[in-house]
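In structure tokens, one chain follows: the form predicted alone.
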Amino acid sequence: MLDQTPLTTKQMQQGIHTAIQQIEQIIVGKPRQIRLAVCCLLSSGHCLIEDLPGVGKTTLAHAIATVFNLDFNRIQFTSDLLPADILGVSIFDPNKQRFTFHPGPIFANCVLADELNRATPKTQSALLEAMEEHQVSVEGQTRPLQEPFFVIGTQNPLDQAGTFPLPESQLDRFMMRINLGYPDEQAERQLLAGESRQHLLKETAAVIELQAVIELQKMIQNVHVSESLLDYVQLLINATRDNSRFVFGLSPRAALALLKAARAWAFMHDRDYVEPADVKAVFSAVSCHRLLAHERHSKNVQDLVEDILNTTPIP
């Protein structure tokens, strides 16, 4: 798929299936999480992966960047990382007798913000403008970022030492949050008996050309959404704003993210229209990290979201 001839919709969809199959050769036993991450990329969002160290978060980010032919940069977030280390800085050039801007690692198609919550809130905030507006403002000048621009943030559980909780404004920039978790017994056996994941990554070739990713993101915006489907989305959003369940409900940005993700999920399943099942498939990943359950509730956010999906009628 790396030639320059225009591709049909069917070829694009087949390319997505092939790309997912390639990633599944590297990340075993996690088909749903892989599809959600790919869905996030195709719907022009950003993905937060929260889990324990060593379950494959960084490997998944590398695999997606490789298969979709994305220019990839990794930023290791630590407590002493500064915003300039991410965005870039101007350095005086004695030969030219002027300051020259040196772009930071944020200038890439796919940026892995590794262990994002180990950095201070000041450093975390350096990503806000980039993730929302696909540009950065440095030293009085606004510089556009590459397209497509996809941030994959990884986060360690908050009960681990040396972590700073991500503020609501940062969490809301991530379209989805996914958890990889431990592999099942069969997948772990395949992992133990197989080749090194790093070796597999080096042998993996790009399946979809960079320009095709941009075209896919545009095509997904045209996936049809009916009026009754919009009614269903609004019912779900309004259910989260019920004060008996959550401290605060989903924002309009979250509603738009839900619709974008549902369009991408439908396209990935070879349809040019969205069904309620598409909304249900992505709803938890889009909403759970944006919600905070009331303390009086014995159920956690995930269970409350599942209750909403089970009790909200489809128009």
Partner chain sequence: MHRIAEETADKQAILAVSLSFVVAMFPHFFHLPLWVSGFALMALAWRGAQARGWLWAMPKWLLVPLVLVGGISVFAQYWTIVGREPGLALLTVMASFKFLESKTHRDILILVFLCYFLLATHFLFGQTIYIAVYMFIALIIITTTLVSINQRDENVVLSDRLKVASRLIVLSIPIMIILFILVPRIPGPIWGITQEQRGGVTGLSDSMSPGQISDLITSNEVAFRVKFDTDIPSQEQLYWRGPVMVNFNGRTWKQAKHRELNSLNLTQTSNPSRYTVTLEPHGKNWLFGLDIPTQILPDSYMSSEYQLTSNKAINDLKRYSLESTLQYRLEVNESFDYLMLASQFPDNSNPKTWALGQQWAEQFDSDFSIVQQALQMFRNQDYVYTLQPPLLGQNSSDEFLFSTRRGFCEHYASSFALLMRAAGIPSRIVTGYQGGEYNEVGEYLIVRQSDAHAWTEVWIDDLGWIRVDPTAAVSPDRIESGLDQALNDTLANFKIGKRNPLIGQLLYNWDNIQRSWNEWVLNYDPRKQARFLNQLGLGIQSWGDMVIALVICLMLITGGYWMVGWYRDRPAKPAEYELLINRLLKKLARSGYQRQPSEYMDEFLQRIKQEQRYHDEHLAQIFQVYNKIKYARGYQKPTVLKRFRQLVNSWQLKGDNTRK
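Positions refer to the first chain, counted from 1. Values in this document were obtained by computation on a predicted structure and should not be read as measured data.
Only in words, not in the display: the form predicted in complex with its partner chain, which the text now covers.
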Consider S228 of the chain shown here, and say whether it contacts its partner chain in the model of the complex, taking contact as heavy atoms within 4.5 Å. yes
Proximity of G249 to its partner chain in the model of the complex, heavy atoms at 4.5 Å: no
Look up in the model of the complex whether K280 has a non-hydrogen atom within 4.5 angstroms of its partner chain, and give yes or no. yes
Though only this chain appears here, would T8 touch its partner chain in the model of the complex if you measure heavy atom gaps against 4.5 Å? no
In the model of the complex, which of the stretches 251 to 259, 268 to 276, 23 to 31, 43 to 51 has residues with heavy atoms within 4.5 Å of its partner chain? 268 to 276
Answer key, its partner chain contact in the model of the complex at 4.5 Å (heavy atoms) among H224, K218, R241, H102: the residue is H224
